[in-house]
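Shown here is one chain on its own, the form predicted on its own, set out as structure tokens.
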Amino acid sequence: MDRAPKTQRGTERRAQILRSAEKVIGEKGFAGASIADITRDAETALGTFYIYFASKEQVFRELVDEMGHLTRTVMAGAAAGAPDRLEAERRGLLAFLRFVAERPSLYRIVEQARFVDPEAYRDYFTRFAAAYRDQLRKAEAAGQISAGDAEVRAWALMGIAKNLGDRFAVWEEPRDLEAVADAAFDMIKRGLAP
């Protein structure tokens, strides 16, 4: 059954339901959030939810996919125009931390996917890693970074960003994210060797 909105009003209503699902699931968790909670927050009738979505699981999966798309878009936009891959890394990391601080509920939904929808969780990270790996290979070929296993590097860099997002953008009031990104970038750029 095609549930795509056919009018501008329908598109807006569907988007409002998604934003409310992001908020409610991000705050209460997938198990604790009900469709009634989502529609109440969206100020719409319970039946309206089913015009656009088949289930809470479908909304959840769409939110995980949206986080992946938005994250890649935000980071690519931040890295665009960087003079080299190292500066692209710094800009991308800072953009990621800022995005997580702005949308912590969406970030928490991705974390919940590990248990709620493991396939969506894996897809989120493997899609991101594939694009990241390709960018690192191009940078290596251009002599902008040292030679190394681009697959391992992509996953390692993603792990750094993810954990910094947890600690400095979600668990507590975001602190100076530029300083956090600069400190992490210094380690990325120079390593831990004295």
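Nothing here was measured: the structure is a model prediction, and the numbers come from that model. In this text, residue numbers run from 1 along the sequence as written. The term rigid core refers to the maximal set of C-alpha atoms that superpose within 1.5 Å between the two forms.
Although it is not shown, the form predicted in complex with the DNA is what the next lines describe.
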| If you check L46, A147, L70, V152 against the DNA in the predicted bound form, which one has a heavy atom within 4.5 Å? | L46
| note | Residue within 4.5 Å of the DNA in the predicted bound form by heavy atom, from A169, A161, L63, A33, is A33
| task | Specify the contacting stretch among 153 to 161, 46 to 54, 136 to 144, 123 to 131, defined as having any heavy atom within 4.5 Å of the DNA in the predicted bound form. | result | 46 to 54
| K23: touches the DNA in the predicted bound form, heavy atom cutoff 4.5 angstroms | no
| query | Would R19 count as a contact of the DNA in the predicted bound form, using a 4.5 angstroms cut-off between non-hydrogen atoms? | reply | no
| request: Evaluate R175 for contact with the DNA in the predicted bound form, applying a 4.5 angstroms cut-off between non-hydrogen atoms, and reply yes or no. | output: no
| said: Can you tell me whether K6 touches the DNA? I mean in the predicted bound form, with a 4.5 angstroms heavy atom cut-off. | reply: yes
| task | Align on the rigid core first; then say whether the Cα of D186 has moved by at least 2 Å between the shown form and the other one. | result | no
